[in-house]
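Structure 1 and structure 2, given next as structure tokens, are two forms of the same protein chain, each shown alone.
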Structure 1
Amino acid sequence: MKKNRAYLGFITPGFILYTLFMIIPIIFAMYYSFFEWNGIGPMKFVGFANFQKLLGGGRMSRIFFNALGNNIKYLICVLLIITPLQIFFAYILFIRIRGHRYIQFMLFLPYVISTSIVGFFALMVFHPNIGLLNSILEKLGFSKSAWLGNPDLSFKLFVIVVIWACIGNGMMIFNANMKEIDESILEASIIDGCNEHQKFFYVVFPQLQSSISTVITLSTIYALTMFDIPFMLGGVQGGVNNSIDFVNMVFYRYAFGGTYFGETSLGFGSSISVTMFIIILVISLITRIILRKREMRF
């Protein structure tokens, strides 16, 4: 009996596009990382020299590890601050407190507009001369601050902006998961005398394990590939003293700006992307293993 393989017609276009725009570029990036090449002229094979410059402890290595440290710091903020806030506001929407539609609109709005607009709004708030925050402080009799120009404050302000920009996506995933919980389970918890605190921690939260795994996995990848908002807030150099510099910004500078070799170096930029690909792959796999074990316990 001939098997029906109509599904191949549905997956083939996506597979072809994914291969063209994902798999093949990854293979070429790995290939270019072993060459010194500006993208136009002849290619010179240098072996692991690009990786040695990146990881060998020199100036470029310090820049790279500083940026990677910022990625890791932001990832920790995702796990400890942003994800709990997403779950909290998802539950606020789920129990439909007064004004929940306004809260939903304000928190989900940044997700449907461009991140460049979010960054522009942030600049209008924290600008040292024409910023809204300094204008308010000046009227109240306080002195102005550089805000994003202060390396001790810039990363904290960046996290605040990202919380507003990114909270809506995970919040709606968690809220959708909550709406799938059987009403009879919730009604039984109320009959048994559970208050809102107990209902959340003993009934609702255990049902969110699959969505928690999804959101954390996506957020981990996003945290390690962060570019747009820090670029808007700190410029191509990642702010004062590279305080909000991230690896993707390092790749952008050294692959297209030539700030290390004095010219564009796609070979060196490829070594940065390959290194980050391996780091993201390892961290994502570890995250999935930990979350999968957690799901099994529940």
Structure 2
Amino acid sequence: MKKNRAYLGFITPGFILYTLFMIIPIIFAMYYSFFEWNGIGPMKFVGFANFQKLLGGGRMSRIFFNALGNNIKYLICVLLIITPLQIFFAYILFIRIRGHRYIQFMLFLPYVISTSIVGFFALMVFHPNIGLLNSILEKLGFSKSAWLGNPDLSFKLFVIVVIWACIGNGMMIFNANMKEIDESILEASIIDGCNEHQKFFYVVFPQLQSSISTVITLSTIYALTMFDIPFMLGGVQGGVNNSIDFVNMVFYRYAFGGTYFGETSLGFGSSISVTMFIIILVISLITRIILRKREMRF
């Protein structure tokens, strides 16, 4: 075959943009994390001091671990509640339950709504003074609740809001996977008299491996970079007593909001990014090993 170099023309723009704005920043985050730097002045090499400050047990470290704890708490909710719910919804859409087209349309709908509007809807429902729930409680003669202002409740409400807003994507991925299952196997199982439980657990579920791996990877990344919804619900400090503070919000306060801590440190901010990078890497490796997948199927 004739040498054809035309591919260079097609690839170069994408390669430059992607490398400059996606790959180099991740590499530089690792580099910065070993320096003390406020973004303007000279950079000072400090070795692992930023990581020491982040993980070593000081005040910053307590804030970080509280936030990371929330990320992990949320991740556990993903594995125990959200993913099973997504599989359940995907299945009832798959077996074409009555009204399934309408139900699919409505379950996925919140996914296309901006998080700032989701946050606004949450305020409409949970606002202590003018929220819908409190006005209902008041009419029924009960006392009002602080809802999101109550640190014991806020995390649970946050999970409910996320379920409402974000369940659609994973649900549709599972649903697409179910539609790929060989119809003759399904028909055979039905003719053999499988009931709904048997059909789900013995025929459908074992074939969901690839989508389970995909959805868990996507949800893990989402869980560890959680920002928008807690920011809307609890403000930049992550709610009362930091009850819905997440690592990405700690990062944002430190990296871009010098006003919150009185200083901006790119080095320290980067050490948070690098730590998250490593955690994402480890968790997705574990997921892949557990699900024994040889390749990610995106």
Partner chain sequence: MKRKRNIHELNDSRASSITKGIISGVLILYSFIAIYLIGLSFLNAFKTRSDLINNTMGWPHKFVFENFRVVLIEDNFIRNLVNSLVLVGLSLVLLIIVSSSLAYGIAMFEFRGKSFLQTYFLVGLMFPIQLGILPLFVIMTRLHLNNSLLGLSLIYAANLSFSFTVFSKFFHSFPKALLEAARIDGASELDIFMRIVLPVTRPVIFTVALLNFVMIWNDFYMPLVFLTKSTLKTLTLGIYTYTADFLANWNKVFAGVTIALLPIIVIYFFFSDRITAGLTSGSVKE
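Here, residue number means position along structure 1's sequence, counting from 1. Only the largest set of C-alpha atoms that superpose within 1.5 Å between the two forms is called the rigid core. Quick caveat, the model's predicted, so the values are computed rather than measured.
Where the criterion is the form predicted together with the partner chain, structure 2 meets it and its counterpart does not. Core-aligned CA deviation for residue 16 between structures 1 and 2: 2 Å or greater.
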